[in-house]
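Taking the form predicted on its own, here's one chain by itself in structure tokens.
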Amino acid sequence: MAYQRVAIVGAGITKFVRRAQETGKELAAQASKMALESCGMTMKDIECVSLGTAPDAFDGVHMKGEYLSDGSGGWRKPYMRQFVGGGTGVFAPVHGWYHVASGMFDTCLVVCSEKMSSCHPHPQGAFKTIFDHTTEQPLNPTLIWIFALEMNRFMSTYGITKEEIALVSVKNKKNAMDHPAAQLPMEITVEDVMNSETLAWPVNRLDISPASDGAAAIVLASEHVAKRITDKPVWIDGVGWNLDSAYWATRDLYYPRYVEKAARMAYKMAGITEPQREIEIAEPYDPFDYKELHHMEGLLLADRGKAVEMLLDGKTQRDGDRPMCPSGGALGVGNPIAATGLMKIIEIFLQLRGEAGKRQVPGNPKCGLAQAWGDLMQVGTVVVMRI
């Protein structure tokens, strides 16, 4: 099937913070304005809008897509909302890609906005109802509870220690010190992670990304429009997504097969046959430190059980052979659920254009990947980008 080529030509991102003074609409409007101004466009140049945002309960507003439509520039334009939990921030640009690649539109504004601090008493409360009401809710589970099970399974399968996994948090929080939007940039040690509060063994507080408010936006354009707007388009060459069963307890959690299936879909579209060699830089989703390693393997960027060796060898550092999360990731920049994945898309966009400032990786990478993950450990979303 023939598609129009689609490029990212502009991007904007707000500061990720706890308890932002702005409403979700205002955060969306700020990011949209920044993205449009970055490429010299206005809303008059935008033909459609793709919005990503997480559960309505976060904002306490039912029909949240409609609620955020004015701030996202969606009024009186073709407008579509997407939501697949934490996978949303990479799924919304996939939708935007289809709008343009299909030939239906030449431009699309993709906006992802999240205001988690509106949820009382805590955003975790919004997740209480996502479990099966008969077999799981009576056990009163939380997301941290089930992620602790997955982390333990990953560690025990390959003999990985908590100290080794803590190195991901140390790396990403340090990388975030150079990100202007970062919420929790800091220089910490493995001991700091190990000595932080135990929430549900083996998960400690510094193993986890923070709840955040924030928004991000990108501008997509067809090839003939992109070449008129910029000399440095970043092409979306592959997209992939996959959904596994919501009955997570029936799966072996040591390996995210749905991430592999999403990655293989994106790689096939992009013509990538050797991801470990061809993907030069990546932003795997890291709401927990073990997830960066878990997802590297699902993305086929490391052999099963070997991602930790790349970490210990320094290959995933910003100046390493295969930089992972040079932005600082969700662990350091923050995790306003839907906006986090789009932040990762923006990081690869800036890195491939050589515009990441202090975060710029060496070697002039030409091909990168952003990935997100969500719902009940069941959604994988992947975008491959090239210059």
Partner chain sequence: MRERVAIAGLGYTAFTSVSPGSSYRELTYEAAVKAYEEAGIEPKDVDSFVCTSEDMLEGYSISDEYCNDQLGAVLKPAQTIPGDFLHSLAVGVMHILTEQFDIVVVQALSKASNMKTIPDLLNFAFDPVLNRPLDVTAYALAGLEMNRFLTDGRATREQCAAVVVKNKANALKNPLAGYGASISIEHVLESEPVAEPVRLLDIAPYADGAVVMVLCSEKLAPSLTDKPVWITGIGWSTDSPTIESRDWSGAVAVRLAGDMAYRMAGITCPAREIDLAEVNDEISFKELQHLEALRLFEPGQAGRATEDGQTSPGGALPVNVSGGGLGVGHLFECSGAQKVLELVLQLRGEAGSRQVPGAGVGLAQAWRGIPTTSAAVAILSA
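Values in this document were obtained by computation on a predicted structure and should not be read as measured data. Numbering follows the first chain given and starts at 1.
Just so it is clear, the following notes concern the form predicted together with the partner chain, a form of the same protein that is not shown.
A heavy atom within 4.5 Å of the partner chain in the model of the complex is found for one listed residue only; from Asn195, Gln276, Ser156, Ser245, this is Ser245. Proximity to the partner chain in the model of the complex, defined as a heavy atom within 4.5 Å, holds among Met310, Ala200, Val170, Met265 only for Met265. Within 4.5 Å of any heavy atom of the partner chain in the model of the complex lies no heavy atom of Glu22. Taking the partner from elsewhere, Thr129 is found to have a heavy atom lying within 4.5 Å of the partner chain in the model of the complex. In the model of the complex, the partner chain lies within 4.5 Å of some heavy atom of Tyr258. Although the partner is absent from this view, Val17 stays clear of the partner chain in the model of the complex, with no non-hydrogen atom inside 4.5 angstroms. Picking from 281 to 289, 236 to 244, 106 to 114, 200 to 208 the stretch near the partner chain in the model of the complex, with a 4.5 Å limit on heavy atoms, gives 236 to 244.
Residues of 89 to 113 placing a heavy atom within 4.5 Å of the partner chain in the model of the complex, in sequence order: Phe91, His95, Trp97, Tyr98, His99, Ala101, Ser102, Gly103, Met104, Phe105.
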